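Below you'll find only one chain, the form predicted on its own, shown as structure tokens.
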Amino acid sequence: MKIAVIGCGNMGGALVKGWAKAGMSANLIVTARTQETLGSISKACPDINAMPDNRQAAAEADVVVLAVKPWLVEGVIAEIVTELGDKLLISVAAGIRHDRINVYAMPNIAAEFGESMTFVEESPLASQAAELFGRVGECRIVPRRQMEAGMMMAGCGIAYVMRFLRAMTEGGVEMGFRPDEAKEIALQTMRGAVALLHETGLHPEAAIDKVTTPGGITIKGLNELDHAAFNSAVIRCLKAGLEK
């Protein structure tokens, strides 16, 4: 099955690199507007077919993934529509609807490393798309009403997690670690927390109790987060993108 990814920006590039790492290079076609971008993705994934022609890419593919900026979607569809026929057309452009698109999906940039959290909107062809995105991480098929929430939790949420890691790194520097040391400590601590919750199935609060000794130092830090309305700030940042 040949897959054409139209657009090789941050999201398109992450998908292409992730699928290539999953052993799909020979079946990948990718387009970009500049030779610089085409050269860069070809260097990263030597076995893919990189080209500037969207129509040719669509003509040669069985599945077409639109990974362009939202305001470019309609124009790209008009450009390639004669080559689509009954091919599966997937869009990863946030918030844009079009009658010709078969499936809407929202991955995140961790797809490059096989760790995306992707949401696929329910539709007759959603399972086909989910199988494809499952090659670059976890994938959930959800009703349309949950797509924006999924985007905030995973598509945007990856940035919120990184902001927390930045703050933790800065705190480490203030306490005396070098910046690179502080970053690695923060990253490993995050890995450990994720592994613990994933492997045990514990609720986060139950896991927190395991390291919170009565009268100890952990509860002091947790209380400072509560005084700063940390939970409320996280919830508000997630819901901010849903406000019209």
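The numbering used is simple: start at 1 and walk along the sequence shown. Predicted model, so just to flag it, every value in this text is computed and none were measured.
One more form of this protein, predicted in complex with a small molecule, exists but is not displayed; see below.
Each of 33, 72 and 106 comes within 4.5 Å of the small molecule in the predicted bound form, counting any heavy atom. Exactly one listed residue, out of 93, 111, 132, 120, brings a non-hydrogen atom to within 4.5 Å of the small molecule in the predicted bound form: 93. None of 41, 67, 28, 58 but one reaches within 4.5 angstroms of the small molecule in the predicted bound form through a heavy atom, and that residue is 67.
With a 4.5 Å cutoff on heavy atoms, residue 49 does not count as touching the small molecule in the predicted bound form; it lies far away.
In the predicted bound form, the small molecule stays beyond 4.5 Å of every heavy atom belonging to residue 231.
Among heavy atoms of residue 76, some come within 4.5 Å of the small molecule in the predicted bound form.
When the small molecule is considered in the predicted bound form, residue 12 lines it closely, a heavy atom lying within 4.5 Å. With the small molecule omitted here, the record of contacts in the predicted bound form names 33-41 of 197-205, 33-41, 177-185, 212-220, defined by a heavy atom within 4.5 Å.
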